[in-house]
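Form predicted alone, single chain, as structure tokens, below.
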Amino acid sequence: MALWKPDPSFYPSPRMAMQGPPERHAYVVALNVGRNERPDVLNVVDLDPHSPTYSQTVNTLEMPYAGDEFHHFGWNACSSALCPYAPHPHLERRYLIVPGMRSSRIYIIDTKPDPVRPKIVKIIEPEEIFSKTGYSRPHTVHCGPDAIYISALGSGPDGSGPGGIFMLDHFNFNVIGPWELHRGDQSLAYDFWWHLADDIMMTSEWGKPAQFENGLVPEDLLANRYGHRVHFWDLRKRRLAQTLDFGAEHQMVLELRPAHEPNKTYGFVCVVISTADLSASIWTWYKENGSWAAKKTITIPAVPAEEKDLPPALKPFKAIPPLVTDIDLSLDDKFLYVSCWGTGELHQYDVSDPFAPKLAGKVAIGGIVARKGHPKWQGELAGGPQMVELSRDGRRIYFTSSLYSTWDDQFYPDRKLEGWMVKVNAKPAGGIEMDPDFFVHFGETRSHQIRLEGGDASTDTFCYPS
């Protein structure tokens, strides 16, 4: 729907976004794949501490098909609509674009007029994705200045071809087609984001669908066959410009978080595991003398554990890898949050100096061995900090428990991993603490990514400096 004035949730700069009103609702996708024959769902969670239904699921939208495997999703439009080279200020942050990563189906969900009761308004079937883009297994969604961009982890119905990016029309959600014109030797895909002011897109590497749909393939991991590179693309020319290789032992390069200020040309990316010592790492990429470079700036070591306490895949190593599977950066570019799904910890780093991060705080919950509980939940919790999302002012952090259906069962094989969501409060100068009054339990439906009403720290791109 077109507006006569810009959507009030669009902001020119990160600082202006931080001054926006607090979020009232969260949209949380959750999956039932491998658990039962029920479809995946979109939950609406009440985040207003003054509401009688605070910390509760106030509505659940069930999809019409089973087996989609919801993972990442995003808004149709955001602050990038104000960018000067492709302005679309008449767009509205209204529709959620929700891909099924296993089915390659995409749902368009309208959050208005009632944000508590969103409705499906369009379904893009997998055959249309295959025929118009060549791609399959849609993953990350970003609201770009000229279209909706979606990454795909493979091409062809079997997913064996290269992964890449395709686009949807902003206005009618028609499938436009693939984005790349020249991909060079890029084949693996996962996340993407951009430095819009520099006309650069970054893409990362996980693996091909055959390497994750039925679980982690240990032989491929030990042979360093998962992704270990980040690609930099010319955004205007739609061609690969440069590739950085982190070294084959740095397996599964996932979430990309560029600095929010448009005049900063650096960002952070996580590596899930090193085959050298099971550690996880954060790398800082930056521009130097006209080229892109990266260096490892955070290393999180594995933790020794008794063999009897470990799942079969980890018993030979007698250790728990941190398994860093998500990161998120506050809108002031000051704090980086790191989810350690294996050890059950969320770390907060002060990244005021992006090349010398300092650990500022941590909380613990779940974990492969610890199974640490929550003040509002009796007993142990399986799963750990996974998809993390920040409020625009950086004071509230939310995260969920599930990574991916088959990987959940591989690392938590007793099948006790259920869906839950917690909230962490952040102090302005650094330090975090678990909110004892906020705990949402989704039962056997496993929760994954969170989107906040009005925007969050991993949605918007800003084109004007603070």
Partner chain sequence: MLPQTLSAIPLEELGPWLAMIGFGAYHGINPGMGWLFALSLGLQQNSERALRMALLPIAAGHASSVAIFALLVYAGAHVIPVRPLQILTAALLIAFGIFKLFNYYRHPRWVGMKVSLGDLFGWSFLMATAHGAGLMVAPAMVGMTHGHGGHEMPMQPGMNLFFAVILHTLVMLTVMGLVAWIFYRKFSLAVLRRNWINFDLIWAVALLVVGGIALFIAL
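Positions refer to the first chain, counted from 1. In this text, all values refer to a predicted model and were calculated from it rather than measured experimentally.
Omitted here: the form predicted in complex with its partner chain. The next part is about that form.
Site annotation in the model of the complex: the residue of R93, K208, H88, R102 reaching within 4.5 Å of its partner chain with a heavy atom is H88. Candidate site formed by K5, F171 and P465: every one of these residues places a non-hydrogen atom within 4.5 angstroms of its partner chain in the model of the complex.
In the model of the complex, its partner chain sits within 4.5 Å of a heavy atom belonging to D199. The closest heavy atom approach of R236 to its partner chain in the model of the complex falls within 4.5 Å. In the model of the complex, at least one heavy atom of Y149 sits within 4.5 Å of its partner chain.
At the 4.5 Å threshold, heavy atoms of P22 stay clear of its partner chain in the model of the complex, well away from it. For its partner chain in the model of the complex, the listed stretch (324-332, 213-221, 339-347, 236-244) containing residues with heavy atoms inside 4.5 Å is 236-244.
Interface residues of 257-281, taken as those with a heavy atom within 4.5 Å of its partner chain in the model of the complex (partner not displayed): P262, N263, in sequence order.
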